[in-house]
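Single chain ahead, by itself, as structure tokens, in the form predicted alone.
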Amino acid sequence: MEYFCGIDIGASAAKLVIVDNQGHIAGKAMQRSGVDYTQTARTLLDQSAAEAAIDPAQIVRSLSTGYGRDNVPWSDGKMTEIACHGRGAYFHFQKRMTVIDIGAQDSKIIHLDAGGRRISFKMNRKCAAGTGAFLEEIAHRLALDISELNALAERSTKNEPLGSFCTVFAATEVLARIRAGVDVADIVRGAFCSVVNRIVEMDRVEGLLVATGGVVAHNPFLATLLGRALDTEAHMPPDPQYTGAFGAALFAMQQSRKGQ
């Protein structure tokens, strides 16, 4: 059995996946990226190899992706997040699709044709609105743990998006709503709707809608709202926070077979 590795070091979290030569996940691990990406990568490799019950030396090829992809000295190559999220998502659905990846610092919209080839993509890197950082700031203003947001948003029955897309101004708006006695659940849902609205305005959605990334993994109601806004059903692959790392591992397998 041969094994292949993909590691996605994002601005917030790092994820690593080991797959066998059938593309099945043998081991995976995730932790905060921290300030030493190289050490984080090594720790995740050791943890994933232990879960897979293999020696890291059995890994034939490794690829890195994400914000910290240059900080993985043992990887055999690098791929963009766009390519890896597209590949990871396509493995599960095998049809024409639009992949929306909501990350901690940016959001991506990736269009794939029926054969999995990328048609186009767009990214939001100019502002934290439409990203996980926006929700983290809202949670901070409400004195909540980020893990509490999804349940609160689901509980709300009101659709009241925050008026401002800007994270700074939205935080001020949150304080004003608190003073006005608005229910916390309604404020959180409003924040979710603001994220959705910012993503929807980025680009069109064609084919199957697939949501990936850690933000929707921990806040699946966000994917539900995204589907409602686009009048379709939002699908998520298994472990959506690992999609980028999984895609990188699949590319590593492909390159190995081509002798690259």
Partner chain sequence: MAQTAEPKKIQATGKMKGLMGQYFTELMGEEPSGNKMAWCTSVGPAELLRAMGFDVYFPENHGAMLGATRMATDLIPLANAHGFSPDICSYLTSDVGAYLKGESPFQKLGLPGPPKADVLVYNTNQCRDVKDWFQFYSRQWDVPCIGIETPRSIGEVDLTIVQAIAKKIKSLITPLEDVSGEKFDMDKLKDVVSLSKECTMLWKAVLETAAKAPSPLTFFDGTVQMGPAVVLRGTTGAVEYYKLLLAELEQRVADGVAAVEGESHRIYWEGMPIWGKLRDLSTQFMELQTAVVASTYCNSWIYEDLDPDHPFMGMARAYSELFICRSDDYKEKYMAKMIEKFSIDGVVYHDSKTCPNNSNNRYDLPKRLETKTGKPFVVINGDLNDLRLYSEEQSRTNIEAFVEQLAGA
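Residue numbers count along the first chain shown, from 1. Bear in mind the structure is a predicted one, so any value in this text is a computation, not a measurement.
FYI, the form predicted together with its partner chain isn't displayed, but the following is about it.
Proximity to its partner chain in the predicted complex, defined as a heavy atom within 4.5 Å, singles out one entry of K95, H140, R117, K158, which is R117. In the predicted complex, D70 approaches its partner chain with a heavy atom inside 4.5 Å. Among heavy atoms of A83, some come within 4.5 Å of its partner chain in the predicted complex. Interface residue remark: N124 is counted as part of the site for its partner chain in the predicted complex, having a heavy atom within 4.5 Å.
Proximity of R32 to its partner chain in the predicted complex falls outside the 4.5 Å heavy atom cutoff.
The stretch that touches its partner chain in the predicted complex, counting heavy atoms within 4.5 Å, is 72-80, out of 132-140, 72-80, 150-158, 173-181. Residue D106 is the only one in 93-108 with at least one heavy atom within 4.5 Å of its partner chain in the predicted complex.
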